[in-house]
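Quick heads-up: it's one chain on its own, the form predicted on its own, in structure tokens.
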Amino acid sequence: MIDKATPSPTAIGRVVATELKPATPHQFHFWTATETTVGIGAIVKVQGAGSTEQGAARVVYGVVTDGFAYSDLATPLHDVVGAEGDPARAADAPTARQEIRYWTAAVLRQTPEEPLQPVPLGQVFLADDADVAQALRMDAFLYSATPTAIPIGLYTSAGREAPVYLDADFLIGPEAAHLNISGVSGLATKTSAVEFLLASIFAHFPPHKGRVAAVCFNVKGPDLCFLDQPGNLSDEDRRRYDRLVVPAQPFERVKLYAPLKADGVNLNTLRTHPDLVGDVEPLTWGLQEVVDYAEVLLNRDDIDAKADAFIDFLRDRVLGRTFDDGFGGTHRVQSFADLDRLFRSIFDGLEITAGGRSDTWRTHHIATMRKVRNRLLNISTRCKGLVTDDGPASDLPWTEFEDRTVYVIDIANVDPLGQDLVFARVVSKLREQLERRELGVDAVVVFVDELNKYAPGDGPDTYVKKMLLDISERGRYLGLVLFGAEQFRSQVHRRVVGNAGTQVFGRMDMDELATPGYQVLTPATKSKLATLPIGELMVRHPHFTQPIFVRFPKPPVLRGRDGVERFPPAADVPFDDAVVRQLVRLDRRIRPNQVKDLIADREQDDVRRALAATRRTRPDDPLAYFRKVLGSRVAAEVPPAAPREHRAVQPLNPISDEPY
């Protein structure tokens, strides 16, 4: 019995080469029938005739970058004369003019790859799933012994639908790393694309590469505040999730952090609905947490070398140590309040002991000390709620990051100075912990939106810009990966976008496409970019020799504006109710009246310190611990900080103007 042969695919066109437009090793032209499914972005396969020395015919894969339509007219005048100047009579011509579709394609891959030769004049076929994998060189990491494929979307051109994968070694590192996504606001789905890609990474991150987590900075309204809540998905979206083998469900492990408001008890976030606010952890830092970031917090035009020397003296000789001020007073500086008392003691000592004649203390001039005092204490005023004057801090779980967990830090409503502080400290701590291999995970994806603001191509070299440059240039060796998004790629620092191994483009503005960075794209590709529908992206990846258009499903999480409508933010509650709410989070058995009776007629600062100590300690009986701490000054409950050697937070290598 003879087995039936697999039917061969039908050719849709044929390569054509002329003296003016020849076929080259990098580009070819082909014609198709007038009615065809081929369009810009379609992947095609050219089957050469004959065979090579290896025994197989040469196969060339290409992506369509431009298209033309031709007829046998020499000039438009011939058509006008033939219709006697009446367009309505043009269709009544006795003979229909011949029309062809003529396409230009850029070569994606040739097999065999050596020797590199011009594209043969063979038949053209539409690419199927296997052809797409071959054309985009995905077979190397998709079918290897240790696959590293991470789905990013579906190739849906020419009536076909094939999964497109990124190589985890080139997305997360160490071969290359980082992702940058550009597009106009509201239509490019930048945040949605990153949310889907994070879900895909969590589902497909290779086991041999270890554990992975994500840290997302929410800088716009409620964008990232509801990643743990399910969104509305259509049947088509669910089918695409099944096709990409990614669970169509919200993130299972999400930890949210937000600073407190100025009152010290209400959270400064839009996720304050009674049903959800219990999952938000306060983010508050004290003097010990922020003193190493004076470069971020202080005006560099006003703080000179003398002030820097005095700040270093405070770090190395004063903070966390028992210190004699030289006037008979002993201090242990652990908070901004303690620091203020030290300064007052020094100034009073100079005034009383020296009779106002001495203006120097420990070789530091009094004017320098007053300037540093004003700047440091101003931090706790401008960033009130994020930076606490007194009491213990509430921080991220350094050394205890969990696998496949998203850590959202909501700083949308924080002062710009506070935002810079959060960026600098969180990224520095991530880098430090990854260097020591003590973070708890092997790789961290850091998502930062609005790169136009935080890493602009012009303007001063701020500390935050230096941090982002440092991640993009050296973070991949540590497992620190930057996912950045912006509206205008041309206005972001060239070293930040240039070091992104994967670049994604949503719908673009025509003015942006006219900048020099997009001159490598054909006019047809630019036109498609300017009209991309929501949910479709153009992807550039080290394995792809040409940009590829893909479509991704809607993220399975609740969008920010939908979350605010479904879970309206609650109004700020009175002080005692806010204290009750935070204690009930720790133990649901606590009755509100118990707490309100306990804090009645007590100073609010004492209550805040006791509440912060209870949150930090998380005892088995929160109410009993809160009652015990409230009965005395909380400072006594805080273990004294061990003397520590100051480690200045500097980039791994000095930042220079060298573009490479």
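The first residue of the sequence shown is number 1, and the count goes up from there. Quick caveat, the model's predicted, so the values are computed rather than measured.
The form predicted together with a small molecule is left out here; the points below concern that form.
Original post:
In terms of non-hydrogen atoms within 4.5 angstroms, which of the given stretches 416-424, 508-516, 533-541, 96-104 touches the small molecule in the predicted complex?
Top reply: Selected stretch: 533-541.
Subject >> Touches the small molecule in the predicted complex: V184 (any heavy atom, 4.5 Å) >> reply: Looking in the predicted complex, residue contacts with the small molecule include V184, since a heavy atom lies within 4.5 Å.
**OP:** Using the partner position in the predicted complex, report whether R431 sits within 4.5 Å of the small molecule, counting heavy atoms only.
**Re:** No, no contact at 4.5 Å.
Original post:
Is there a heavy atom of S380 lying 4.5 Å or less from a heavy atom of the small molecule in the predicted complex?
Top reply: Answer no; every heavy atom of S380 is more than 4.5 Å from the small molecule in the predicted complex.
Original post:
Can any non-hydrogen atom of R271 be found within 4.5 angstroms of the small molecule in the predicted complex?
Top reply: Outside the cut-off, so no.
**OP:** Let me know the one among K220, R238, R370, R494 whose heavy atoms come within 4.5 Å of the small molecule in the predicted complex, would you?
**Re:** After the contact test, the surviving option is K220.
Subject >> the small molecule: the contacting residue among T462, Q503, T405, T191 in the predicted complex [heavy atom, 4.5 Å] >> reply: Checking each option against the small molecule in the predicted complex, the one that comes within 4.5 Å is T191.
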